[in-house]
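Next up, C-alpha cells for two forms of one chain, structure 1 and then structure 2.
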Structure 1
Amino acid sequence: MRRGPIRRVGVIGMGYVGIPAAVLFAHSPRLEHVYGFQRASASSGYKVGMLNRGESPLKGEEPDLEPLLASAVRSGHFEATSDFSKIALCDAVTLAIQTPFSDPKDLLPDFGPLFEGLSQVGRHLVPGMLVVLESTVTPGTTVGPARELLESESGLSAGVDFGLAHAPERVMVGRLVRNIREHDRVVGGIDAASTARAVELYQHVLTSGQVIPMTATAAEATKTAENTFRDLQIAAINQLALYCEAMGINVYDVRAGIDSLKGEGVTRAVLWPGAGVGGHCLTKDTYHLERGVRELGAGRLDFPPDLMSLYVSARRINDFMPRHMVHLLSDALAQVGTPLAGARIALLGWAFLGNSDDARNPPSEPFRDEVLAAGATVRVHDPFVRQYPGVPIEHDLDAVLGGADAIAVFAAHNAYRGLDPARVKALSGRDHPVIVDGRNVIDPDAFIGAGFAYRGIGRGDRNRHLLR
C-alpha cells in the first residue's frame, strides 16, 4: 500500500460527530485542507451553506465549537461541500453516519445511509487512501460488508491498495470539542498497516488523549460495549429509583450513601436516575453488541439458557421510564380530581439532554404519544430544539405553561431549574396544578407548599404527600 503523509482529510456526515471532528482536523498545523461532506438533501443540505459561513448548525451549548469553526473557514483550511467527487483529493476519509435500528427485536440495523456513504467513498477511492468508519456498527462490519462494498465500488483491494480501519467516536453532546481532544481514541485496522495509518491520522486532533490500537472488530466491540455498560449503569439507578419510590424513600439519599465509598478506593460509578434514556447511541448500541455475538459467536456462546441478556433487560428498564412518567402523571392528576383524558399537559424539554438541541430518540416522544392516546392535549416547550417532525415545538415558556393542568419536566435545561412555584401556579390558573419532575431539577417542597401535586423519579419520600 503506497503511503505518504496525510495532508488532506475528508469527513463524511456533518452532524454531532462530523462537524467538531472536521473543525479540529482543520486546526492541525500538519494538515493542509479538510472537506466536510454533506448530502444536498431537503432535510440537511442547508448545513453546507451555514458551515461555509462559519455558523454551526448545532444550536445547543457547545463550548469552543463555533469560534473554532469560524476561524477554520476564515483560514481557508475547512470547506463544506456536497460534491463527493472531492473525496479523490483526500489522503484519508472518515465516516460519521448514524446507524439506527428500525426494530430492535429483529436485530437488523439500518445501514442504508452508512452504506450509501461507503459507496460514495468507493467510487472515488484512490490508491494509498485511508478509510475510517467512526459510526458505531455491529462487530464484524468493518472487515465484512464495509470492506466488501469499498472493494466492489473501487476495484481496489483493502490492505493492499488502501487502508481500512474503525475508530469509534466517543463524544457526548455539550462537550464535543473537549471529548475529541481529550478522550483516549480506540483505533482498529483490518491489518497492522491500516492500524498504524489510522493512529497517525488521529494524532492530529488529540491533546491529552492517547491512541489505543487493536483490531477493527475489537474496536467495534469496545464502542458497543462501553455504551452498553453505561446503559446498564443507568438502568441500575433507574431500578433503584423505582424501588425507592415503592419503599417511600429518597433515591438521591441512597445514591449519596453508595457513592460515599469511592474515597475508600471502591469503584461505584453510580449514575443518575431519570425520565428515560435518549440519543442516538445508548438506545441502540446494546443491540449492535447482541447482534455481533449472535453472528460472530454463533454456536460458541456459553450463557445460561434460561436467562435473558442482562444488557437487553437493562435496555428495557430504561425504555420503561417514560411510561413510568405517565404513571406518575396519572397518579398526581387523580389526586387533584382531574382525569388524564382531556387534561392539558405542558411538556418541558424535548431534547434528551440538558442544554442541548439533540432530539434524537427522545424519551419525551413515547411519553407524549401515550398521553395523547389517552385523550390528553400536549404542548411542548424547548429553548434549544427548533423543530421536530410531526411535533410542534414552542419557545414561549409562559404560553406553554398557561392553562396547564400538569407539567412534565423531561430535560434538565437551565431554563427549568429556576421555575417559580407561585408564578407557574398563576399561569396554570389551577388551585392544585400537577408537576412531574423527571430530572430532579425543581425543589419538591417549594412546589408542594404552593399547592402543587408533586411527583418525581425516585422521590418516594415526597410522592405520597398531602395537598396543601
Structure 2
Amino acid sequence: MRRGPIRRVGVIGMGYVGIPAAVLFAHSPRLEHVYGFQRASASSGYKVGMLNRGESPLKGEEPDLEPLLASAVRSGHFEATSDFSKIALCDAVTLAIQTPFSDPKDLLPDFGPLFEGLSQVGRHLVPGMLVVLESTVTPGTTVGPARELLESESGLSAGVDFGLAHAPERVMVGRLVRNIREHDRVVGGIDAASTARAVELYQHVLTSGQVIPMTATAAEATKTAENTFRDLQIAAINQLALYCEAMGINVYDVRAGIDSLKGEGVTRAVLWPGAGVGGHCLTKDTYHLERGVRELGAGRLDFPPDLMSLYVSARRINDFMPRHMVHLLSDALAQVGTPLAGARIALLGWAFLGNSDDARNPPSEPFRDEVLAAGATVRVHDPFVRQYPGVPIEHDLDAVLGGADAIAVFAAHNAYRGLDPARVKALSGRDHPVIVDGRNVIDPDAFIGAGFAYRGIGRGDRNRHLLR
C-alpha cells in the first residue's frame, strides 16, 4: 500500500453525514483537496450545484456548517462533483450513504445505494487508497460483501493493494459539525494497516474527540449495539409504564424514585416512556445486530434456546406503544359513550421527535392506520412537518381540534404543552372530549377538571378517573 500521507480525500454521499464530514476534511491544514461525490440523480443531483455555490442543501439549523462550506469552496479546498472518475485522484474515500428500510414491514435495509457507491469506488480504485464505510451496516458487511465487491470491481486485493475500514457516523441532526469534531470516533480496519491508515484519516477532523481503534466487525457491532442499547433502555421504561398503569400508580413518580439512586458506580439509565420509538436509527439498528450474529455467529451462539432475543423483545415493546395508545383511546371513548368507529380524532404531532420536522418511521403512523381501519376519521397536525406521502399534514391547530371527539398527542412539540383545557373543549364542541397524552405534555388534573376523559402513558394514578 502507498505509504505517503493522505492528502486528497473523497466523500461519497452528500447527505447529512457526508456534507459535514467533507467540509471538515476540507478545513484540515494537512489535506490538499476534498471531493464531495453525489450521483446526478433526479432527487439529489441538484445538491452538486448548491454545494459548489457554498449553499447547504440540508434542512434545519446546522451551526457552523454553511460558513465552513462557503470558505472551503472559496479556498478551492472542496468541490462537489458527479464525476466519479475523480475517485482515482484520492488517497482516501469515505462512503456516507444511507441504508434505510426498503420496506419497514420486512425490516430489511436497502443496501442498493451503498453498494452502487462501492461499485463506483471499485471501478476507480488505485493501489494505496484507503476506503472507509461510514454508513451503518450489518456486522460483517465490511470484511464480507463490501470487500468482495471492491476486489471484484478493481481486481485489487484488500489489505494488500488498498486499505478498508469502517468508521460509523454518530452525528445527530442539529449538531452535525460539533458531533464529528467532539464525539470519540470508533475506527475499525480489516487488518492492522487499514486501521492505522483510518486512524490517520480521522485525526484530521477530530478536535476533542479521540479515535478508538478496533476491528471492522467490532466497529460495526459497536454502532449497531449503541443504538440497540438505547432502544432497550426505552423499552425498559415503556414496560414499567405499562406495569404502573395496571397497578394504578404514576410511572413518573417511580421514575423519579429510581433516578434518585446516585453515587459512586451506581448507574440507572432511566429514560422516558412514550407513544413509541421512531426515526432511522433505533428502529433498524437492532435488526442489523441480530442479522450480524445470525450470519457471522451461525452455529456458534450460545443463548437460551426457547427465548427470543432481549433486543428484539425491546423492539416489540416499543412498537407496541402506538397500539397501546389505541387501547387507551378506545377505553376513554367507551367511558364517554362514543364508539371508535366514526369517532373524529385529532392526532397532534406526526414527527418522530419533539420539536423536529423529522418524520422517518413515526410511531404516529401505525396508530393512524389502526384507528382508520377501525372506522374513525383522523386529522393530523404538526407545526414542523411540511408533508408526508399519503397523509395530509395540517398546520392550523384550532382547525384540527375543531369538532374532535378525541385528541391523541404523539410528539412533545412545545405547541402542545400550552393547550388550554377550556379552549380545547370549546373547539371540540363536546361535553366530554377525550385526550390521550403519549408524551406527558399536559397536566391531567387540568383536563379532567374541565370534563375531559383523560388517559396518559404510565398514568395509572389518573387513567381510571371519574368524569367531571
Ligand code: SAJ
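Start at 1 and count along the sequence of structure 1; that gives the residue numbers used here. Everything quoted here is computed from the prediction, not taken from an experiment.
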request  = Only one of the two shown forms is the form predicted together with the named molecule, so please name it by number.
outcome  = 2
inquiry  = Which single option from 223, 401, 198, 364 is at the hinge, given the motion of the rigid parts between structures 1 and 2?
reply    = 223
Interdomain rotation angle between structures 1 and 2 - two rigid parts, degrees = 12
